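First comes one chain, alone, set out as structure tokens in the form predicted alone.
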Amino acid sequence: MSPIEIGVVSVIAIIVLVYLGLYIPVALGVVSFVSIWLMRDDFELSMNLLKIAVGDSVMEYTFATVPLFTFMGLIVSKAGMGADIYEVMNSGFKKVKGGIGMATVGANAVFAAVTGSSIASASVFAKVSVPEMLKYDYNPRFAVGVVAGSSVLGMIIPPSAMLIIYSFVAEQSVGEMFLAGVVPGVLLAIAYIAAIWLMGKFTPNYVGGKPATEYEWMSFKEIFSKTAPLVTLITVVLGGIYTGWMTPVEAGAAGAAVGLIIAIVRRKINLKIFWEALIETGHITASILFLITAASIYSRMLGLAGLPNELAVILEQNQMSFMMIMVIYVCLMLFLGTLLDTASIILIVVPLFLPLIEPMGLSLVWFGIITVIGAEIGLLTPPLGISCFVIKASVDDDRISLKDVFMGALPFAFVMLIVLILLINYPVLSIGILH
């Protein structure tokens, strides 16, 4: 077999193994290691490349952003700040048709700016928002769909674990990736709110809900006490990065410290919760490190096989335009999204397409935002929509089946696709903030 053939077989093998349930870094690492061995017939070369991949990942200074932002997100989540921001948003939207859904999107957007996790958002708001919507006779399918759709904001609005993973794979600045995610994240949140308003206007029976007659405005003091902690955290983290006062690592450290202080002051943390957050941070950090190490050797295997170059030649021979390449790329991500999680998609497709995008003079930061949003649509599509499974597991209600969660999330997946097309056509929406 030629190196190209081995490369193609290895990519297919990785996808099949992951789909069969093998842990993605194991599939990436083992297949890549064996492929390099077969291509060069040199076991020692495979071992050396594996050592380099591990060293590059562990020694990378910016990798410190992973444990710091993870810890900050876990502390914020355990301190109940997601429920606080939801209550404030809910008080402002309650009288609007579909208002509790809009409040859920708004609260999720703010919560995402400090947790960076779709899974955390899905879990928190499934427990807080869905019971509230069902209490006001909202359609159960709409209720879980809103939570599923808005939970993906956690992976787009910085600090996001997926943006960090992409920045390592594409060798881009974590700070620039974070800044580029702000406008697309806010744009997606606005698009969701607009979609809910349109649903309430044109398909009121699908939305459901009754007027909140016992509704009362929150006092300014109450609003301030519930929003000030999260606003402070967002200002410290994103403000520090945007102004250049702090590197992403320093912003992560400052955010983790401020989050811990807020939780202590509000008496929302004890030694048990603190220890749980530390252990969970360790587990998540180790798994992401394992992913990045596996991705590093996978990229080297693709380079040795010459697969990206071969792909470029095929596209050039067929005289494919930039838009055609992007259509193929997005379709590939949407297809893989039905089988794999976001991190797996990023690790498999980005090393293949980066050598095509770079010679075109396109921004790799912009490409990262397109990649993350495209892969995130997969979180809402069957059969492996992870956010949908988390919501089903978090909602203890016989009226809601897994099919309801997937069907409810479908309109929001469509809205994400529209926003993705907008961002492809107008790159300035994501990278304009960097200039």
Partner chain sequence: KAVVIDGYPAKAMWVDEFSNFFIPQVNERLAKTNNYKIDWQESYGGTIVKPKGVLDGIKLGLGDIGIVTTVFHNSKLPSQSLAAVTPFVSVDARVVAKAMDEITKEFPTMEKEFSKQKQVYLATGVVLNTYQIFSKERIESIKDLEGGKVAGAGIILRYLDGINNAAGVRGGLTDFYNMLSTGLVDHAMLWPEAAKTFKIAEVAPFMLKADLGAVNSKTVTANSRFWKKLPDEVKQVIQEVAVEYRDHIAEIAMDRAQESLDAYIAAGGTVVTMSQEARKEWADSMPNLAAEWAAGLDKKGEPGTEMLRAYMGKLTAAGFTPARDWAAGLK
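All figures in this text were calculated on a predicted structure; none of them were measured in a lab. Residue numbers count along the first chain shown, from 1.
The form predicted together with the partner chain exists for this protein as well; it is not shown, and the discussion that follows is about that form.
(request) Work out which of the listed stretches, 262-270, 166-174, 323-331, 142-150, brings a heavy atom within 4.5 angstroms of the partner chain in the model of the complex. (result) That would be stretch 166-174.
(request) Note which of T235, N205, S219, T243 lies within 4.5 Å of the partner chain in the model of the complex, where distance is taken over heavy atoms; exactly one does. (result) Selected option: T243.
(request) Heavy atom within 4.5 Å of the partner chain in the model of the complex: which of G92, G80, P131, G306 fits that? Just give me the one. (result) The residue in contact is G306.
(message) Taking any heavy atom pair closer than or equal to 4.5 Å as contact, tell me whether K403 reaches the partner chain in the model of the complex.
(response) Outside the cut-off, so no.
(message) With a cut-off of 4.5 Å between heavy atoms, is K226 one of the residues that contacts the partner chain in the model of the complex?
(response) Outside the cut-off, so no.
(request) Using a 4.5 Å heavy atom cut-off, state whether L45 contacts the partner chain in the model of the complex. (result) Close contact exists here: in the model of the complex, L45 approaches the partner chain to within 4.5 Å, heavy atoms only.
(request) Consider M407 of the chain shown here, and say whether it contacts the partner chain in the model of the complex, taking contact as heavy atoms within 4.5 Å. (result) Close contact is absent here: in the model of the complex, M407 is far from the partner chain, nothing within 4.5 Å, heavy atoms only.
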